[in-house]
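So this first bit is one chain, no partners, the form predicted on its own, shown in C-alpha cells.
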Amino acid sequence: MSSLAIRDLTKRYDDTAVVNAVSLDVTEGEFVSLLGPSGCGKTTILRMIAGLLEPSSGSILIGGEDVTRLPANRRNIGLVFQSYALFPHLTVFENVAFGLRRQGVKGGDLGTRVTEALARVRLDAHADRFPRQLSGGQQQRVALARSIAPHPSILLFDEPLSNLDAQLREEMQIELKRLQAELELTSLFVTHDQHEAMSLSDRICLLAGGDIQQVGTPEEVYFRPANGFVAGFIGSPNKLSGTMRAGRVEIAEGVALHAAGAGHGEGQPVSVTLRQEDIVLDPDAPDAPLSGRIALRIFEGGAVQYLVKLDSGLELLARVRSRGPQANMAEGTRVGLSVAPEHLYVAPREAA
C-alpha cells in the first residue's frame, strides 16, 4: 500500500491544455474519485498516472518515488477498465493468472494468489468457468480480481461500472466498498456519475475544463460547494438567474429569496442554485409569499418530483420522499414554498 501524489500535472495537445497544472494527494488506503463532466480531464489524469500517456509537464509520485518517466509495467499499478477486457478463450482462473504469469509467478504461489483474489470478490467457486458463462457483474469482478492479484501499490478505476445496468451497478458499488475496507488499497476512481462518487469515496476531486474545482469529502462537496460550478453540478439543482435587491435575491418579478451571506452588491446579476430536495412544499399555506400550483407529479420510486409553477410564471422542480407527508399531492394543488437561506447558493453570474 502506497500514497499517490501528483504535482502540477499538465497535458497539452498543441496549444490546448486538457489538464492544467493539477495537484492532488491521495493518502495510503484512501479512496478518491475524480468526478466531472465529459472532457474535464479526469481520464487523461488517470492515464498519465497509469503510464499510458506521457505528461507535458509535472510529476507523479507513488509511495514517494517519482515514477513520471517509468514505463507502465514498472509502476506496480492495478487497472480496472470500463470494458472487462477478459480473454474469452481462458477460464476465470487463467484470466486472473495471466498477469501473474507475466511477472514470473509460478507453481503453488500462483495458485494461492489467484484463489485468494477470486475469494476476495466471491468468485472462487467460478474458477473453471469461461467469461461467456458469467453475468456482466461477475465479469467485472473477475477483472477486479485480476487487478488485485499482483498486490499493486495503488488501484486505478476508469469508469468500471458504466457498462452495467442500474441494479448491477449498485451491487458492484457495495462490492467495491467492501473490498476497499478489507484491502485498504489506495484507490483513484474516475466517474462522471456523482452517485457513484458520493457512495464510494473518502474524498471527491471535482474537475471542469482541466482544472480542479473542489476537493473534499462527499458531505463537504454536497453541502458546502466551493463555487457556482460545483453547486450546479452536484445534486439535482434548479439553476436560476437573479438580481440582488435590498439584500435578497430576486429570481422573478416580485419573487425574492433570502440567501445566507450572499454578500453581493445592489443590482448585481447573480446565478442562483437551488436543489430540489431543499424546497419545502406546504399545501396548508397556499397564500404564502412564495406560492404556486403543482403542474406535474412524477413518481420515481423512493422520491416524488413536482414541477411547481409559481404565480409569477417561473417553474421550479422540487423532490420529496415518496413515503413522506407531501408525496401524494395532486396536479393542480396550490402550495406554498419555502427555502432555508443557507440552502440557496448565490454566485456572480459571470462566475457560474
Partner chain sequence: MRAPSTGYGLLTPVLALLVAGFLAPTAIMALLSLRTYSGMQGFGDEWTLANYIFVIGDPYYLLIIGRTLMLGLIVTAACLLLGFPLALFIQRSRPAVQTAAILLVIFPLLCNIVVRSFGWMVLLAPRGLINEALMAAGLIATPLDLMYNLTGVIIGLTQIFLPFMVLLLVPALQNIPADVEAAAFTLKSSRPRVFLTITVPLAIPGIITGSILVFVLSISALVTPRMLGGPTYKVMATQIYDEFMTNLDWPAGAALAFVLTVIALVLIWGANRVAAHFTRGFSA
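Residue numbers count along the first chain shown, from 1. Superpose the two forms; the largest set of C-alphas matching within 1.5 Å is the rigid core. From a predicted model like this one, the values you see are computed outputs, not experimental measurements.
Only in words, not in the display: the form predicted in complex with its partner chain, which the text now covers.
Enquirer: Can you work out whether residue 260 and its partner chain are in contact in the predicted complex, taking contact to mean some heavy atom pair no more than 4.5 Å apart?
Expert: Residue 260 lies outside the contact set for its partner chain.
Enquirer: Does residue 222 reach its partner chain in the predicted complex if we count a contact as any heavy atom within 4.5 Å?
Expert: No - in the predicted complex, heavy atoms of residue 222 and its partner chain never come within 4.5 Å of each other.
Enquirer: Using the partner position in the predicted complex, report whether residue 47 sits within 4.5 Å of its partner chain, counting heavy atoms only.
Expert: Output for residue 47 is yes: heavy atoms within 4.5 Å of its partner chain.
Enquirer: Indicate whether residue 52 is a 4.5 Å heavy atom neighbour of its partner chain in the predicted complex.
Expert: Judged by the heavy-atom cut-off of 4.5 Å, residue 52 is in contact with its partner chain in the predicted complex.
Enquirer: In the predicted complex, which of the stretches 250-258, 212-220, 126-134, 163-171 has residues with heavy atoms within 4.5 Å of its partner chain?
Expert: Comparing against its partner chain in the predicted complex, the contact stretch is 126-134.
Enquirer: Assess the spot marked by 2, 31 and 35: is its partner chain within 4.5 Å of a heavy atom from every one of these residues in the predicted complex?
Expert: The answer is no: none of the three residues contacts the partner (heavy atom, 4.5 Å cut-off).
Enquirer: I need to confirm a contact call. Of 79, 117, 208, 244, which residue comes within 4.5 Å of its partner chain in the predicted complex, counting heavy atoms only?
Expert: None of the other options qualify; the answer is 79.
Enquirer: I need to confirm a contact call. Of 183, 72, 105, 280, which residue comes within 4.5 Å of its partner chain in the predicted complex, counting heavy atoms only?
Expert: None of the others qualify; the residue that does is 72.
Enquirer: Relative to its partner chain in the predicted complex, which residues of 143-164 have a heavy atom no more than 4.5 Å away?
Expert: Residues within 4.5 Å: 146, 150.
Enquirer: Could you check, with the core superposed, whether the Cα atom of residue 249 shifts 2 Å or more between this form and the one not shown?
Expert: No, shifts by less than 2 Å.
Enquirer: After superposing the rigid core, is the C-alpha displacement of residue 92 2 Å or more between this form and the one not shown?
Expert: Yes: residue 92 shifts by at least 2 Å between this form and the one not shown.
Enquirer: Taking the rigid core as reference, does residue 104 move its C-alpha 2 Å or further between this form and the one not shown?
Expert: After core superposition, the displacement of the residue 104 C-alpha between this form and the one not shown reaches the 2 Å mark, so yes.
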